[in-house]
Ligand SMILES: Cc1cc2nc3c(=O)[nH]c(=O)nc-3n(C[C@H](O)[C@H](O)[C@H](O)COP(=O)(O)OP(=O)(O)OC[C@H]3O[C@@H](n4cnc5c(N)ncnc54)[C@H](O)[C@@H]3O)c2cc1C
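Only one chain is shown below, in structure tokens, and it's the form predicted alone.
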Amino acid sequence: MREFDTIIIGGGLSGSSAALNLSKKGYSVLIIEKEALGNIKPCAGGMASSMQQFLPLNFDQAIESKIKNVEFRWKSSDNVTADLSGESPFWIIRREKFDKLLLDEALKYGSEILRPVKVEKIISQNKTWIIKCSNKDTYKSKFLIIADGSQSQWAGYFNLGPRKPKFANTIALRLKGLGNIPSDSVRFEFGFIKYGFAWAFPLKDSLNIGLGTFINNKPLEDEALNNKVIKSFGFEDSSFKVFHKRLRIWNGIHKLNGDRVIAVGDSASLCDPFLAEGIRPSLISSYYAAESIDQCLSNNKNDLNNYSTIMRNEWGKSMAWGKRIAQIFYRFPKTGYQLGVKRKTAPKRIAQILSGQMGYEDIAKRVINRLLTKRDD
């Protein structure tokens, strides 16, 4: 039975980045991934350039577009545009390339991966994890990272994150060409999707389109409406493959670690409940998970509680306000668009959130201060 310092369940973005951060520190890491290779990932691909600080590698080849402005529209009209400040603060990455770069770099530093292999049973024995897999082999590790995505089986098993996760229903597709989307812009389309919105993020030669609904778990089954949205992005042909996905969105501050186990990324319900951003929380959580495990391994300790504390401070406090904003905005979208997006400074604030320069907590404080002082910001 082979033993590792850390075993990671899930070899996607979160799992691969956690593996890279740990293996680069010299630890033995095994990734167990249930899916085979070669899947297209029509994720929007938006990422703040500031996230580069959480990854010890150059991933320029995965960057497809550098965004200069953000467009907002209400049912294909009533346009609002916000310029992004700074030099290339927001990038669009091709997830297939990005995920492969992360995994290849982790493997280069000694990480190992099993795929397609499913974890069937996990046992705690003498402060060691015993992991039995579908390939009939058994593995041991000192620490365990749960990174098996929005449909995580194991986060609930270890009572990590919310007991009753909240989900956003989304559909995603990738179309050849950019339609009417500028190559250096992203667009958010409000008004068509009840309790949600649509988005379009440009790659070099294609467009990642998504539709999401964030309240009441409403399905996106209106094909005529969905085609109308896609047409608003400049595409007439509706013959495309649609990917359905339920995103496990942030739903309150909860403990994300147990005894020698940590949940990261989507499995930890860290996806932004307002804008559906998932890459940033995945990279942040994977980085701090590796840091916490490193501290334990280097000091012969098992206490991972600092990870939950860090994630509460670095992500949870902002998302608490993001959830409040989402609940109001998506229940009263027209009012939200008129008083929120169309407000003089609102587009700039949303752009700053996307680029990582500001959190929802900052916006809430500005609103409160404005109400108290009765002034515009």
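What you are looking at is a predicted structure, and each value in this text was computed from that prediction instead of being measured. A residue's number is simply how far along the shown sequence it sits, counting from 1.
A second form of this protein, the form predicted in complex with this ligand, is not displayed here; the remarks below concern that form.
If we take heavy atoms and a 4.5 Å cut-off, which stretch out of 76-84, 288-296, 123-131, 274-282 is in contact with this ligand in the model of the complex?
Only one stretch passes the 4.5 Å heavy-atom test: 274-282.
Using a 4.5 Å heavy atom cut-off, which residue among 181, 101, 172, 261 comes into contact with this ligand in the model of the complex?
Only one option qualifies, and that one is 172.
Consider the chain as shown here, without its partner, and state which of 216, 135, 153, 305 has a heavy atom within 4.5 Å of this ligand in the model of the complex.
Comparing distances to this ligand in the model of the complex, the residue within 4.5 Å is 153.
Decide if the three candidate residues 9, 46 and 199 all line this ligand in the model of the complex, where lining means a heavy atom within 4.5 Å.
Every listed residue reaches this ligand in the model of the complex, so yes.
Is there a heavy atom of residue 34 no more than 4.5 Å from a heavy atom of this ligand in the model of the complex?
Contact check for residue 34: yes, within 4.5 Å of this ligand in the model of the complex.
Does this ligand get within 4.5 angstroms of any non-hydrogen atom of residue 322 in the model of the complex?
Residue-level check for residue 322: no, no contact with this ligand.
Wondering, does residue 41 line up within 4.5 Å of this ligand in the model of the complex on heavy atoms?
Heavy-atom contact with this ligand at 4.5 Å: present for residue 41.
Just to confirm, residue 145 within 4.5 Å of this ligand in the model of the complex by heavy atoms?
No, residue 145 sits far enough from this ligand in the model of the complex that none of its heavy atoms falls within 4.5 Å.
Sequence order please: the residues of 89-115 with a heavy atom within 4.5 Å of this ligand in the model of the complex.
Counting only heavy atoms within 4.5 Å of this ligand in the model of the complex, the single contacting residue of 89-115 is 95.
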